[in-house]
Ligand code: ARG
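First, one chain by itself: the form predicted on its own, in C-alpha cells.
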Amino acid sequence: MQLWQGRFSKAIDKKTNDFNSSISFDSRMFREDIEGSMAHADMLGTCGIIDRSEADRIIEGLKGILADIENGSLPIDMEAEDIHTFVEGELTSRLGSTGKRLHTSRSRNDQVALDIRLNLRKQADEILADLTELLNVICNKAEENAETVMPGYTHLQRAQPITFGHHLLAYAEMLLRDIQRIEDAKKRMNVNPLGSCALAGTTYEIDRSLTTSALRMDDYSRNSLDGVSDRDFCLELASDLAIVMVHLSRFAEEIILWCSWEFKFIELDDAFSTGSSIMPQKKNPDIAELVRGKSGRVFGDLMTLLTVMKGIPLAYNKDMQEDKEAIFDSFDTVKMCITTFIPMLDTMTVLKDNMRAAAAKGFINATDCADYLVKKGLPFRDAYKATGTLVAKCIQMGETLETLPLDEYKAICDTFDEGVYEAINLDVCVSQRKSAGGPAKENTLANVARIREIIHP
C-alpha cells in the first residue's frame, strides 16, 4: 500500500518501488514511529479533532502493534514503502476506518523528522554511556600507573619523562570533550517537528505543546518549513561521532605502536589479538587496527550527509531519505568500536620495566639538567647551550647524563655539583612536575578524581 496512491492510475514499477523504499533501514525506528503516533493520537483526542474514544482505540491499537513486533508475532513487511506505511496499514487492518483517522493533521514529512530525532536521542544516550564506561577504564588504568615512568614524545622522538597514567588521561580529556559535544547536540535536536505537517502547518486547531510534553522534548519547531527540512542535528552528531573516531584512532595507533617489539610497552590479551596464517610467532593487534580503519567509514558518513544537504531547497525533498543510512551507520560503527575498545584496554598488560628502560635512554631528562642550572642563577639560554654540549659529549663517549662523571659536567660549566644527579633522576623529574596539568603523581590522582566526579555526579 502506498499512502499517496489516490492520485495515480497505475501501480508503481517494481524497480522504482524498490528504489523508492526505505523500509530496509527505517524499520529500526518502529518504536519511535509508534511512540510519536500515540502522542499525536492523544493530542487529536484531547483537542477534539477526533472523538476521544477513537483516539483511545488508536492508542490501544498502536500499543498492540508495538507488543506484537517486539515479541516477534508481527514481522515487519519488507515490501512496505516505509515503517510509517507499515504501521498505519497494520493499524487500519485492525481498527478499520478508525485507524485511518490517525494521520489527521500530520504528514510523513513531520512524522519522519520526529522519528529520527527520537531514535538518535536514544542512540546518543547509548554512546554517552559507552564513553562513560571507557572513561572508567582509563581512570582505573591511570590510577594504577600514576608512577609508571615512560618517555613522552614529540615528533615520535623521546622528549621528556612522564607517566603512563598521565599519558592515558590525555585521552580521557578528549573523551570528556566528546561527551560534552554530544550532550550539546542533543539539546538542539530535542525539538518537536510534529505539527509542521508537509511544510505549512495545518488548519486544524492542534496543540503542539501536548505532543512536545508527551515526547519529553524541550520545545517545538517555530517554523514549519524548518521543522520538516532541518537535519542539522544529523550533521552535528555525525561530526561529533567523527571526532570520537579521531580520538579512538589516535589511541589505537599508540596501542599498535606500544605492543610492537620496537616499543613493547604493553601486551594485549590474546582475546583481542590475532595470529598470522603463515608466521606462527605473530600476535597482531587487529582489533586496534580495525578501530583505526573504521574511522574512515565514519568520516565518509559525515561527508555523505554534508553533500546530501548542501543543495536542497526548502522544504522536504526525497534526497533527505539518504540521511538515515549514513547517520545510523555512524552510530553503529562508533558503538561497535567503543564497546570493543573497552575490554581491550581493560585487559592489556602494562610492561612497566620496559617503559622505564626506554625512559632511561634518549636524554629525556636534558631539560631538567638545564633547569638545574637555571635554578642556580644561570640564564636559561646559557643553561640550554651547556646541556646541549653535555648531550653531544655523552653521545661521543657512549654515556648518559646519569653516568657521565662530574668532572665532565664541570668541564662544560663549573656551576654543576653533585646535586645534578638528583635533579636528573627520572623519578624526581616526574614528581617535580607539579605545575597544573603536569605528570606528578598527585596531579594524576587529582585528575582521576575530577573525571570520576564529572561522569558520576
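The first residue of the sequence shown is number 1, and the count goes up from there. Quick caveat, the model's predicted, so the values are computed rather than measured.
We do not show the form predicted in complex with the ligand, though everything after this point is about it.
- Proximity of D240 to the ligand in the predicted bound form falls outside the 4.5 Å heavy atom cutoff.
- Under a 4.5 angstroms non-hydrogen atom cutoff, the ligand in the predicted bound form lacks A142 among its neighbouring residues.
- Within this chain, H247 is remote from the site of the ligand in the predicted bound form, having no heavy atom within 4.5 Å.
- Remark: R106 does not count among the residues lining the ligand in the predicted bound form, judged by a heavy atom distance of 4.5 Å or less.
- At a distance of at most 4.5 angstroms from the ligand in the predicted bound form, all three residues S22, K318 and K324 contribute at least one non-hydrogen atom.
- Contact with the ligand in the predicted bound form, judged by any heavy atom within 4.5 Å, is made by just one of A370, V112, L302, I255: V112.
- A heavy atom within 4.5 Å of the ligand in the predicted bound form is found for one listed residue only; from D178, D230, D82, E88, this is D82.
- This chain is displayed without the ligand, yet in the predicted bound form the stretch 22 to 30 from 409 to 417, 22 to 30, 384 to 392, 40 to 48 comes within 4.5 Å of it by heavy atoms.
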